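Below you will find one chain, with nothing else, as structure tokens; this is the form predicted on its own, and questions on how it binds or moves follow later.
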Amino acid sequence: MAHRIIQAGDSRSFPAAHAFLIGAIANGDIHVYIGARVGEAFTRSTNRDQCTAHLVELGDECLGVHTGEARGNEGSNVLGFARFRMGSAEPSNLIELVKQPQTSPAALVACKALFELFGFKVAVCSDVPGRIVNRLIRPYLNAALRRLDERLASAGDLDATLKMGLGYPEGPIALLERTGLAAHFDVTQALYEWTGDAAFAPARRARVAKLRGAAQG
């Protein structure tokens, strides 16, 4: 299955050269919109039904922001996607592929096969803000930061306990220090605004890091 890349600014999923980008062709039957301005590029696209599928790179927003919604019946040959990336870390090998209630089964199969062709692991999820990983991990990271504020244990002991007790490769505080507390603030603030769920409300230390970065910038 051939694909075409429509680049609209810097891409969070593909910030550097990658076989997926290099392997695209001008007349590919799956159109992939990437970059910070994908909304503009997708809006300008025409004759969408003539392609097998369209893939729109997402941030924390729903695909419906770009396609519109229709009383729970939305869906077409347009899917969303994001390559999971924790803060400033390198993008992972996981693609979260976003479908809507009436997404074309053929388009879904084609898009999943395309990503797998380039070695990605694909998880399919519904059109919700934050998708799978962020919705699962961000409350956990918030809780770890709040327990640190409560002096439950030192940062080192919190990390070591979770690593030894649950077999995690890296503790939550170390993970956030490595990938960016300010970036964690950005994601949790967005999810909190989208959902109103207090579990996503940014932890104090993340807010401090964001404000400190803004003051130094």
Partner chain sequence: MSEIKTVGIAGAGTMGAGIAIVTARAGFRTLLYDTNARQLERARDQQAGFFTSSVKRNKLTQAEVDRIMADLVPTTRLEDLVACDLVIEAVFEDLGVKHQLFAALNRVCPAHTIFASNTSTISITEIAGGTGRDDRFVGMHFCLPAQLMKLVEMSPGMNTKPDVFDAAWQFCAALGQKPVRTQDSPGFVLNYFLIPFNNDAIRMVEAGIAEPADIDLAIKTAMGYAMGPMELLDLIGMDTQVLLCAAMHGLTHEPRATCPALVKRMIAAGRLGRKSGRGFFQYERDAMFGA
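Positions refer to the first chain, counted from 1. All values derive from a computational prediction rather than experimental measurement.
Same protein, other form: the form predicted in complex with the partner chain, not shown, and the subject of what follows.
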>> Even though the partner isn't displayed, in the predicted bound form is residue 164 close enough to the partner chain, meaning a heavy atom within 4.5 Å?
In response: yes
> Could you tell me if residue 152 has a non-hydrogen atom within 4.5 Å of the partner chain in the predicted bound form?
Replying inline: yes
>> Residue-level question: is residue 136 within 4.5 Å of the partner chain in the predicted bound form, judged on heavy atoms?
In response: yes
>> residue 92 versus the partner chain, in the predicted bound form: is there a non-hydrogen atom within 4.5 Å?
In response: yes
> Residues in which of 180-188, 48-56, 25-33, 166-174 have heavy atoms within 4.5 Å of the partner chain in the predicted bound form?
Replying inline: 166-174
>> Suppose contact means a heavy atom within 4.5 Å; in the predicted bound form, does that hold for all of 201, 208 and 212 with the partner chain?
In response: no
> What residues, if any, in 124-148 have a non-hydrogen atom within 4.5 angstroms of the partner chain in the predicted bound form?
Replying inline: 124, 125, 126, 128, 131, 132, 133, 135, 136, 137, 139, 140, 143, 144, 147
